[in-house]
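Just one chain follows, in the form predicted on its own, and it is written as structure tokens.
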Amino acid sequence: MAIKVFGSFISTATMRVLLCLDEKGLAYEFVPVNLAASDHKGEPFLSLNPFGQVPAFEDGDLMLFESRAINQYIAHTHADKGTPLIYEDPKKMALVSVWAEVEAQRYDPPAAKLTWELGIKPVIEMAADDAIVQEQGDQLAKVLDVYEARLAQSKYLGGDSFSLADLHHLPTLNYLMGTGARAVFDSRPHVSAWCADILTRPAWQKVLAMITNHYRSVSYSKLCYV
């Protein structure tokens, strides 16, 4: 049975899973979930994710939610396909796991809040909260100081090759690069070079093209709804 991803193209978590699938060169079916209609808060979606958040993932009789866990499954199950996103060596894999946790626990909280304030609110004609932008920008800067030191020693966060630790950053990075928050990345040369590298990956460009094609006939103000 085909892999199915239930989600919304505006969702960074959905993008994260689509990117992993494209890095692996896997075929999948994307099933749009209408967030404006709150389809994710009722059945049948709640049978896929009881927390009512996108994405949900189906692979035959296996049902998963939580994007990073989904990507762990994809990377391990299809380790021999496409881009190697994990390592067999336990020490190398331990480093990937550390930086994947850093992304989830340290980077994503401020980056996600900034994405909402600076990347999504303008689309739905809401004003950004300047206090939140300042606070979260300061928090993100502290995280990126650590990244700058790490990337001065290693081309990628988890080691010498692109891995899940890098991949999970791309959706929020893409939003933030189009906002004033870009300065906090550009001011750190190793972080800036890393961003430029991963943002041009063919799999990520494929995800962006898929999103563009999907919304070609949809008004920009409705972008976040389906």
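Throughout, we count residues from 1 along the sequence that is shown. Since this is a predicted model, take the numbers as computed values, not measurements.
Just so it is clear, the following notes concern the form predicted together with a further copy of the same chain, a form of the same protein that is not shown.
The candidate spot formed by A152, D160 and S163 is out of contact with a further copy of the same chain in the predicted complex: none of the three has a heavy atom within 4.5 Å. Note on the partner interface in the predicted complex: the residue among L199, M177, V31, M63 having a heavy atom within 4.5 angstroms of a further copy of the same chain is M63. Just one of T115, Q136, T83, Q72 comes within 4.5 Å of a further copy of the same chain in the predicted complex, counting any heavy atom, and that one is Q72. Exactly one of the stretches 47-55, 22-30, 187-195, 169-177 approaches a further copy of the same chain in the predicted complex with heavy atoms within 4.5 Å, and it is 47-55. A residue is said to contact a partner when one of its heavy atoms sits within 4.5 Å of a partner heavy atom; A104 meets this definition for a further copy of the same chain in the predicted complex. Although the partner is absent here, L95 sits close enough that one of its heavy atoms falls within 4.5 Å of a further copy of the same chain in the predicted complex.
At a distance threshold of 4.5 angstroms between non-hydrogen atoms, I132 is out of contact with a further copy of the same chain in the predicted complex. Remark: A128 does not count among the residues lining a further copy of the same chain in the predicted complex, judged by a heavy atom distance of 4.5 Å or less.
Using a 4.5 Å cut-off on any heavy atom, the residues of 76-92 that reach a further copy of the same chain in the predicted complex are, in sequence order, T77, P90, K91.
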